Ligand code: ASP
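One chain comes next, on its own, written as structure tokens: the form predicted on its own.
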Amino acid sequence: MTGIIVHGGAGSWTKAEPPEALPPLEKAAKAGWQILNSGGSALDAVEAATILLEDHPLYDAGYGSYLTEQGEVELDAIIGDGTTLNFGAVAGVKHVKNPIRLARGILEHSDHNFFIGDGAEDIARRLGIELISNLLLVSDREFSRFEKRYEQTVYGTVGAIALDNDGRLAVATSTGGTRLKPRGRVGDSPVWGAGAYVNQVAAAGATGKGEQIMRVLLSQRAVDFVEEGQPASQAAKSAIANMLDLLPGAEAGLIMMDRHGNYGAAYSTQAMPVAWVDGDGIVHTAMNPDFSAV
């Protein structure tokens, strides 16, 4: 049993954006599925899917990320292996095209787990990852929105979860953070247990207002519910409900997968674009996913 699920961020998506949001997610899920179907690892699948979304200007990850108050891009990412409980994470990276690739390098080639800013980019140099101008991460659309001080509550963070033929689960999350954030601000995305968490039982990846997600360790809480016996479809909803009990009005979304390949998704926002592959290898997409009937 293999599977993959990806998301493009929770929030108040505009009427124009939902049709635009789904095809890239479908492509990312399909790319990850092809890796799994050819015997590749869950880590390979989530990394490849996330890189495709980091490279797409629509999402708040990699190229096209939201700009800080100073008009720069600062990137955060995390990738984790459920079998080893090991992860690699970066925050405040300004000159790496695909921060999830750097996070993967840290997972596999460092005795440490989490690097920030210049230190993370030092690791990139050692790993042979090219450093680029920050301007190459700025899309025309986001620069225009920066000039207009445009604000919209879409958390365009991207994420992926996969289960491979060896029964290993992996999770990845990547983001540019919130629009017009103060320099140096880091949200939940690269925080283990908050923006992502995975063990041998289940995996979860979050999107939304990071300051709220970190307070409740949303991703780990969702996995806890699976360990307590809830199916993934219910565990995701329970985690969001628990968050809302503790923080009324919280804005967040969550995707999940358990070790049996069952999916879950829940959100407290208007929508959360998601793509996933079923047991027959068919890719499905939805702006308002619900796996309770699956």
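This one's a predicted model, so the numbers in the text were calculated from it and none came from an experiment. All residue numbers are counted from 1 along the displayed sequence.
There is another form of this protein, the form predicted together with aspartic acid, and it is not shown here; the text below is about that form.
Highlighted residues K30, E54 and G159: none comes within 4.5 Å of aspartic acid in the predicted complex, counting any heavy atom. Only one of 83-91, 181-189, 163-171, 119-127 places residue heavy atoms within 4.5 angstroms of aspartic acid in the predicted complex, namely 181-189. By the criterion of a heavy atom within 4.5 Å, G205 is excluded from the residues contacting aspartic acid in the predicted complex. Aspartic acid in the predicted complex comes within 4.5 Å of no heavy atom belonging to A196. For R104, no non-hydrogen atom is located within 4.5 Å of aspartic acid in the predicted complex, even though that partner is not displayed. Mapping the unseen interface onto this chain, I79 falls outside it, with no heavy atom inside 4.5 Å of aspartic acid in the predicted complex.
Looking at 203-219, the residues that come within 4.5 Å of aspartic acid in the predicted complex, counting any heavy atom, are T207, G208, K209, G210, I213.
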